[in-house]
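Let's start with one chain on its own, the form predicted alone, as structure tokens.
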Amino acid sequence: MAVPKICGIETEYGIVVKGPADFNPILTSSLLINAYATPAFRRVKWDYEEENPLRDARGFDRSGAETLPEEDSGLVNVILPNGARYYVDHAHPEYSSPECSNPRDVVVWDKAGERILEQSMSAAQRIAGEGERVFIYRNNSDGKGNSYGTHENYLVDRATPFPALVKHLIPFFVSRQVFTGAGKVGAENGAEQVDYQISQRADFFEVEVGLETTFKRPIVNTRDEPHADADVYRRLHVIVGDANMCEVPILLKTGTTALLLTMIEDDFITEDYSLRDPVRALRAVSHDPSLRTTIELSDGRKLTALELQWEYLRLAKKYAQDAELHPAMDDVLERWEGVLEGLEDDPMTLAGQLDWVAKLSLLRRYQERDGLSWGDAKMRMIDLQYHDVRRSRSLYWRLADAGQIERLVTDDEIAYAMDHPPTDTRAYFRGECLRRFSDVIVAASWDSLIFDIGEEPLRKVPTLEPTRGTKAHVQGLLDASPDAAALIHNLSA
């Protein structure tokens, strides 16, 4: 049986400062995070002991004696009471959602990050230099040839051969962008120029498989950093997705990928959809909003991305007949089929669900109203403004607040998730410990908490099992512990 697909999303946000001062993105990102996080949470350090981003799933380890750059530079790195990580990464503010047990929860806690960035921007603005204005965008490109990531993470069975993951994931990732793409005016990174394309990230991928995330980007990333029991699990680190404003693609990209991984682990897929040239196919699919482009499989067949997705849906529906899946997967399967039907009939009918279609529809309306060409600078401004995290200024939120975008979760759920962790993963234990005992927590990470209860040595509490530490598992323990010393004693008992 496949392991539970605990998952989450980490998003690097675009940042711009307008004003007289020289723009330092690292300092400005630090300002944002410090302006939002309370001193109690800022004092808890990130525990880097188990971090090793240079260990490769193919058996390589390039770490040696190297030190993590974040640790060396002392960049801001905060753990929030909702179990999330909020920190500076590659000169961007990054929000990593807490671990979630299902794709609907991913939507809630991922969108909570967007609201946290909006509040951070407001808080930073009050202490920024005179005449300086900070702008934050939930997108993946600065329009100057630089791309920043939106990464997904999935709990995977260590026993599953990594080549099997690669074989099935590559054609899936190449084709799923028809519903996960955030849309983009133009092309970058030496790609053939187009007026508009489906994905913000497709132009920046150059190899099929690899360890890097900021250059020579691979369709399948091989980082072997499980943040869990390494004998049992691996963490699939997916870097090929876009930053979505719409909630439907967030649900679909995590839900469909979790389903595919479950099928791979259970050795359910016997078909081979391997592609002859995946990197070229990734760009070709993105560059054709008409969805008519065919991509060649290794066996010589030619299918469109939509036809490939229909094949994966067929397999998933067959698998779901006998499998015990999370109830949220019923909605994933239903929406997956509905979206593919809409894309097949007329993509523009999905302007209320998918980012790339919503943005394309919006851009065409501006073109008709103002007589703009695709090369007009205003078109790129409209593209960027769609992703503004300020609800009062974002073109996405203008559509959503007008009822033109389908919502899956409520504003109340998102507001709650900004300060509270999911209840059915280990994020609950981490978040509640930070809420109750932050004054004596020295450091924390995804898989541990370190306490200073006034006795030597410091007490490290491992959380290597992502499905434990839930509310059902530890609430009684926490309630019976008036302080951290009592918690350590009760845990030992």
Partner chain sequence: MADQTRKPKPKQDDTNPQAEEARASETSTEDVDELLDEIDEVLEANAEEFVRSYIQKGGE
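Small disclaimer: the values here were computed from a predicted structure and weren't measured. Residue numbers count along the first chain shown, from 1.
The same protein has a further form, the form predicted together with its partner chain, not shown here; the description that follows concerns it.
This chain lacks the partner; the member of R280, R158, K167, R380 within 4.5 angstroms of its partner chain in the predicted complex by a non-hydrogen atom is R380. Site annotation in the predicted complex: the residue of T294, T213, S274, T423 reaching within 4.5 Å of its partner chain with a heavy atom is T213. Although the partner is absent here, R201 lies within 4.5 Å of its partner chain in the predicted complex, judged by heavy atoms.
Taking the partner from elsewhere, H151 is found to have a heavy atom lying within 4.5 Å of its partner chain in the predicted complex. The shortest heavy atom separation between I127 and its partner chain in the predicted complex exceeds 4.5 Å. Its partner chain in the predicted complex comes within 4.5 Å of no heavy atom belonging to Q193. With the partner left out here, its partner chain still marks one of 105-113, 249-257, 349-357, 264-272 in the predicted complex; by a 4.5 Å heavy atom cut-off that stretch is 349-357. Using a 4.5 Å cut-off on any heavy atom, the residues of 359-393 that reach its partner chain in the predicted complex are, in sequence order, S361, L362, R365, Y366, R369, A377, K378, R380, M381, I382, L384, Q385, R390, S392, R393.
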